[in-house]
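Starting off, we have a lone chain in the form predicted on its own, written out as structure tokens.
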Amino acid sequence: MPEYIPSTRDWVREQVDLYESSGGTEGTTLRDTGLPVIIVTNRGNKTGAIRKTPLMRVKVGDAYVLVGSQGGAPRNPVWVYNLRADADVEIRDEMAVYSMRVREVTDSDERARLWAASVEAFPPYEEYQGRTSRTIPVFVAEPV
């Protein structure tokens, strides 16, 4: 089984630890916002190690939308490259854990619909897109 390598960012590592050690009953919101997050578990594209990332919970039907915003930074978060390399992920949404497959959304109509749902769930996404010249990647995770 591949090794789990925790994030080097303290808040990410602490959130993942609290979320998982509580069985999904604690650490389920983004810091002081009260907005729900999920934990996305995937494989690192260079190391092959297990990586875990808290992301905003954007649910559309049975699917989850994963937004690579990184606060509007000039570069994509590392997990974007991981998902492009290996589409199989596990999503923890509170106490439920799902095996899912992701795909990057490239169809403009589908992307517009999922972006709108993402901004509705987490309004700062719109501001983040305004901060960067890159198009923020959008993935959809669907049940296997």
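All residue numbers refer to positions in the sequence shown, first residue = 1. This structure is a prediction, so every number in the text was calculated from the model and none was measured.
Only in words, not in the display: the form predicted together with a small molecule, which the text now covers.
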Q) Do heavy atoms from each of 24, 64 and 100 fall within 4.5 Å of the small molecule in the model of the complex? A) no
Q: Check whether residue 116 has any heavy atom within 4.5 Å of a heavy atom of the small molecule in the model of the complex, and answer yes or no.
A: no
Q) Hey, in the model of the complex, is residue 51 touching the small molecule, heavy atoms inside 4.5 Å? A) yes
Q) Quick one: does residue 18 come within 4.5 Å of the small molecule in the model of the complex, counting heavy atoms only? A) no
Q. Does residue 41 reach the small molecule in the model of the complex, with heavy atoms at most 4.5 Å apart?
A. no
